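As a starting point, one isolated chain is supplied in structure tokens, in the form predicted alone.
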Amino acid sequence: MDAAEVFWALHSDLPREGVGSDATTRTLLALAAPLPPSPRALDVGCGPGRASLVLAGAGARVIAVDLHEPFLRRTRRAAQDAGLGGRVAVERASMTALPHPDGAFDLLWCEGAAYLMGVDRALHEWRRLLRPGGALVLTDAVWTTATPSAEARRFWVQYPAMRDEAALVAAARSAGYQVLATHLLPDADWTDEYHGPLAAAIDAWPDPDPGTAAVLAEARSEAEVRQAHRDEFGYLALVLRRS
């Protein structure tokens, strides 16, 4: 297996694809109030659908969007199993070309995926999808110190656009949003919800060959760097209102 195949196999059954939790999703949804009683919501980069199910469970009518078909199948199945199949529709589409008219949604949601197209670009391009007064909630990695260590910088070298909270807030305001709230995700959203299940999947890999073992070791290093440098970076949620 090449590195990409190992990655997708490793992530094929994780409960979520990044830092977060159902509790945090509920917290952010409350911070986005007021919303209509049954808001029209778009969950961009939905992964296996954890946020979509929380939003639907709170009464939203959700379109869950991703490019990875296995995630969409998992989201559809999870919604049906939870009795929310009528409130969650899945759609295969690119976040850079979302096939919806202007003002189609009351709420646009993106946990940990906006960096794939660039957060600034997402802020500008997704704004049209919200009705006036609609809410955008997204999470992104940020520096939480002005002097991150060399090891932390090496870990995030593939994300050169990473910045601190003040710069992220300024970007949201310049894109035409009111900042309702910011929320730094708690440590449990890293350890219990993401890194713990990821470590269990790595440990369960049967007899990896040397190439696979190297990929698994790199995946494990994510949790190790976070544990060693937890005061230097985090995931920040922005809760925004379209002006």
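Sequential numbering from 1, following the sequence displayed. Only a predicted model underlies this, so the values are computations on that prediction, with no experimental measurement involved.
Heads up, the form predicted together with a small molecule isn't pictured, but that's what we're talking about next.
Visitor: Counting only heavy atoms and a 4.5 Å cutoff, which of 39 to 47, 196 to 204, 176 to 184, 209 to 217 contacts the small molecule in the predicted complex?
Guide: Going through the listed ranges, the match is 39 to 47.
Visitor: Just to be sure I understand the contacts: of 95, 162, 152, 78, which is the one whose heavy atoms reach within 4.5 angstroms of the small molecule in the predicted complex?
Guide: It is 95.
Visitor: Would residue 31 show up as a contact with the small molecule in the predicted complex if we use heavy atoms at 4.5 Å?
Guide: Close contact is absent here: in the predicted complex, residue 31 is far from the small molecule, nothing within 4.5 Å, heavy atoms only.
Visitor: May I ask you to check whether residue 17 falls inside a 4.5 Å heavy atom distance of the small molecule in the predicted complex?
Guide: Looking in the predicted complex, residue contacts with the small molecule include residue 17, since a heavy atom lies within 4.5 Å.
Visitor: Heavy atoms within 4.5 Å of the small molecule in the predicted complex: does residue 67 have any?
Guide: Yes, residue 67 is a contact residue.
Visitor: Any chance residue 148 has a heavy atom within 4.5 Å of the small molecule in the predicted complex?
Guide: No, residue 148 sits far enough from the small molecule in the predicted complex that none of its heavy atoms falls within 4.5 Å.
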